[in-house]
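A single chain, nothing else alongside it, follows as C-alpha cells in the form predicted alone.
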C-alpha cells in the first residue's frame, strides 16, 4: 500500500519538487479564509516562491467557514499537498508546505477571530467566491437580510459569515493591541478590496462604532486581480500525482501553467516577497481587473453556457466546435475590449490570443458545469458591466446578449435534449421557475430580477430586443446552429 504524503515522508521527496525548509518550523503570518483548490494552486504557490527567495514567518493557517472535508484531508497529511501543472507540452508536480493548518470554524467559532487578533498574523486573505460575502449584487452593498449576516448581527461574538468573522477578529485585535492588519480579498469582484472594506465597515457600524473608526485608520484592503485556471481535482489527478511522487496525496490540486496576480501596493505593514513568484504590485488594479473580468471570465462563461448546451463537458471541447472560437474572438474584439482602458505596456491583442490558447488546452479539462455555477452572482461583473458601457456608447451588445440568453436557457434546468441540468446558483429555484415558456416571457421575467439586472437594464428596449432574439434562436435551432448564425451574420 502506498504511503501518504506527510511530514514523516516529506524528506524522502527530491529537493527539486519540495521546499528546502522544515515545514514544522515555519511560523504562520497569514490567515487565509477559504482553502479551496484555487487558493492552494495560486496564492499558496506565490507564498512558497516568496519563502524560497526570502524565508520568514509567512506560513498560512487556512480556515473553512463551511464544510470540514478539505481541512480533514489536509490535516491527515500535516497540511502538505502538491500542485500538478499540465499543458499540451507536458506536466510537472511540486509539493507545497507553507500551509501549516486548516481549521473548521463552525466547530469552534471563536478560534478564527482569535487568530485574526493575534499579533503574529499580519495578513488575512480570502477566496470565498462572490456568494460568500453577503453581497447584494445589484447595489454592491451588504445585504442585512442575508440569514448569516442577520444572525451575526444578533450574536457578533459567534460569527458564521465571512464579514461577521472578519469583524469579530478585527474587533478583538483592536481591543488586544491595535496593531495594523492587511486584508487581501482574492475573489473575482470588481474593486474587491474597496468593496470588502465597505462591507466590513457597514457591519461594524451596526455593532461598534469605535471598531469601525479603527478599521478605517488601521486596516488596509488592497485591490487584487488573480488568474489561473484550476479545474476540480479528479481521481485521475490523484493517480497521476501518486505516480510522480511515489506517495498518495488526497489533497492534490492541478492547474494550467499560466498564473497572474496583480496587487495594489497599499499594505498596512509587512508582506511576503510575492514578486519573487511573478506577482505584480501596481498603484491601480482596476485596468487589469477589468481586462480579466471582461475578456477571460466573460469568454469562459460564454463558452461554458453555450458549450454545455451544445453537448460539451469541457471548455476545450466547446472552443473546438465550429464557430465557437470565432465567436469568442469577436466578442472580445467588438464588445469587451472597447470598454477597456489599459496601461500602454499591456498588449490586449496578445492577451486575447493567449486566452484562446488557454481555453484550448486539452491537457486541462475545465468543466463547463463548474464554470456555469453561480451565474446570477457572476453576470453583473462579467457581462452586464460590458453591456452598460456599450449601451451608453452606442456600441453593439448583440454577442453579450447571446451569452446572457444562453445563461437564461441554461438556468431553465433542461438541456437541448430535455435532460435535467443540476443548476447550482443561490437563486436556482427562482430562476428555473422564471425561465420557462416563450423567449419573450422568459426574458421579461428574468430581466425583471432587479437583484441581478438593476433598475436600468430592464428599461433598455435595445438590450431586451437582443435578448429575445438570441433566446428565440437558441430555442428554435439550438446552441451550435445559433453560434454559426451569429458569427456569419
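Quantities reported herein were computed from a predicted structural model and do not represent experimental measurements. Numbering follows the first chain given and starts at 1.
The discussion below concerns the form predicted together with a small molecule, not included here.
> Hey, in the predicted complex, does residue 110 get a heavy atom within 4.5 angstroms of the small molecule?
Although the small molecule is absent here, residue 110 would stay clear of it in the predicted complex, with no heavy atoms inside 4.5 Å.
> Examine residue 104 and determine whether its closest non-hydrogen atom to the small molecule in the predicted complex is within 4.5 angstroms.
Answer no; every heavy atom of residue 104 is more than 4.5 Å from the small molecule in the predicted complex.
> Using a 4.5 Å heavy atom cut-off, state whether residue 389 contacts the small molecule in the predicted complex.
Flag for residue 389 set to no.
> Looking in the predicted complex, any heavy atom of residue 46 within 4.5 Å of the small molecule?
Residue 46: no, not in contact with the small molecule in the predicted complex.
> Tell me, out of 165, 300, 182, 127, which residue has a non-hydrogen atom within 4.5 angstroms of the small molecule in the predicted complex.
Result of the distance check: 300.
> Can you work out which of 271, 294, 366, 86 has a heavy atom no more than 4.5 Å from the small molecule in the predicted complex?
None of the other options qualify; the answer is 366.
> Taking 4.5 angstroms as the heavy atom distance cut-off, pick the stretch from 368-376, 278-286, 395-403, 201-209 that is near the small molecule in the predicted complex.
Only one stretch passes the 4.5 Å heavy-atom test: 368-376.
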